[in-house]
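One chain follows as structure tokens, the form predicted on its own.
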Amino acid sequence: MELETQEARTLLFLKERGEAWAEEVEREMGLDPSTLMRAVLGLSQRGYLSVREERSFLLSLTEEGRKYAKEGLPERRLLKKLAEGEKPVEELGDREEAAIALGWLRRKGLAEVAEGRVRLTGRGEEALSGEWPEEELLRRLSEGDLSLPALPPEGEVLERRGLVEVKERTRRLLSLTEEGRRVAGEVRLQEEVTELTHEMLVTGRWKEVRFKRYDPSEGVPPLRPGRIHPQQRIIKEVREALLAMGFVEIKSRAVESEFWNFDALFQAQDHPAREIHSNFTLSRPSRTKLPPRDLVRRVARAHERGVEGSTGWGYRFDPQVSRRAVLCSQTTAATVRYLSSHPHPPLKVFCIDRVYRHERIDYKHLAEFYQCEGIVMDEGLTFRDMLGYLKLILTTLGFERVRFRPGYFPFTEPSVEAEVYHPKRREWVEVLGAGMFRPELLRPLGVKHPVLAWGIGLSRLAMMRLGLEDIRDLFCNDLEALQHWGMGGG
């Protein structure tokens, strides 16, 4: 019976027990997990052993989660404050925490903002009494870690918010098959050694032991399990930060019409400003469907004659140009498309997707890259509000020093560029562009309230995090480099 020593020990152990959990076998036999699993694999391949897996989730509070378990969730504290009566936005307390709390209350439909004041909805008044599922889970976790057979929805929410850490565990129940029980009755345990010692030669004990077979020609491959790409981890971090701030995610389209990609953004059909985003034109499909005729007519009027005192571009708008199909060159097309069907405040959405531009590929340019775009619409928003949002977004992403300088973008006025300080390079790096949408963009869409818009180049953000100088390295297949970046877990 050619069994390894640990295989034979495991077989005999299970002969006495019938079945046992893997961790129980490890503990009582004094084996480490890898040694036991090698034995289990060998026995199961021979048909001597069956393995049944049972998954569970271990939940524990993070440092921030312990704080909220003690003090209460920010949205619960704000809800209690609003129970005293509606409050001006500026009187909600700490700006960052108030933004998070208000975002979650509005997301749950428990509060609303009108004319710069926050008040409870009917659902909000009902929510004053009773315990939310998230609060119940936080309370239970404050008494100690929990092991659950499945991760509840409130657990997923708290994990996304960084309040709960979730570890998935798999338990394995080992049991002998009928063939395994038969073989176990024939097994005789013999000591197995891996080296011949002087003591064995002197005493003659080498005759009583079995030497473990060893093949020196076999190489041991490096262990490189599948991992999430570093750039995708950073994108996930940005997405979770924005969701925690109360933004709603929308999706972009790979193929877009020139109407949404350019015309709706008040970029003239014959103006050099359109060349800022050199685009890929498609041959198939070469044409797209236009939105309702009335919307096209309003956009055309803004281009030809302007709105609210502006003169427009002063040329004859051609709807056939608007129908041309292009690869989406900016995620602003997605946010503006969404804005056209949701013209009333409040609105706070973002889009993370790939965009395509006819760029010459070099150390700082790619023809395909990720972009994050967001808009916020509400009554009475000002340029100062926009700077506050931008600083909150960047500090949430981990940048401690942020500064702004004037910028230019064809569809925003005023516009600004945000820079963050790079401590390793000891210099300021531009990471974000933003501005207030121009009336020529908003009025044709039927939007009557101010809208702030911002965009982040996620590839540049990834380069900063990973210490890269060449953007092309983001798409390398060098496994050693990916391991060195240390970003691939999860």
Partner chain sequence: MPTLSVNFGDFCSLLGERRKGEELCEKLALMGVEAELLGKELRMEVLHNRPDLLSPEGVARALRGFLGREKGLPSYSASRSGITVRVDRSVKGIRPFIAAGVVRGAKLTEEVVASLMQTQEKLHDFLGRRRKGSIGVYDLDKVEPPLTYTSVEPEGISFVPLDFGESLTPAQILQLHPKGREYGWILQGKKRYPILLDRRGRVLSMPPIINSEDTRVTKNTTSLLIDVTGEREEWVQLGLVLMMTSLAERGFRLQTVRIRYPGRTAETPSLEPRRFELREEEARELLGLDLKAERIAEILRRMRYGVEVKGKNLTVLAPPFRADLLHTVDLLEEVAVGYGYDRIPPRVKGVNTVGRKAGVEELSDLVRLIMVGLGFTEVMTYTLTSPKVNFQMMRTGGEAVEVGNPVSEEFTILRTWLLPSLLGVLRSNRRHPLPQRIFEVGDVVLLDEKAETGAREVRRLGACVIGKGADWSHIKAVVEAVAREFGLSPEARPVDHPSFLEGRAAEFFWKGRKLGMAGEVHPEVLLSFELGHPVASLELDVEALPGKNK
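Positions refer to the first chain, counted from 1. Here the structure is a predicted model, which means the values were calculated and not measured.
Form predicted together with the partner chain: not shown, discussed below.
Only one of 114, 201, 150, 361 comes within 4.5 Å of the partner chain in the model of the complex through a heavy atom, and that residue is 361. For the residues 135, 86, 378, 165, the 4.5 Å heavy atom test against the partner chain in the model of the complex is passed only by 378. Against the partner chain in the model of the complex, the set 98, 144 and 154 makes no contact: no member has a heavy atom within 4.5 Å.
Residue contact check for residue 337: one or more of its heavy atoms lie within 4.5 Å of the partner chain in the model of the complex. Residue 283 belongs to the set of residues with a heavy atom inside 4.5 Å of the partner chain in the model of the complex. The partner chain is not drawn, but in the model of the complex it has a heavy atom within 4.5 Å of residue 348.
Of the heavy atoms in residue 414, some are within 4.5 Å of the partner chain in the model of the complex. Comparing 117-125, 386-394, 179-187, 104-112 against the partner chain in the model of the complex, the single stretch with non-hydrogen atoms within 4.5 angstroms of it is 386-394. Residues of 459-481 lying near the partner chain in the model of the complex, listed in sequence order, are 475, 477, 478, 479, 480, the criterion being any heavy atom within 4.5 Å.
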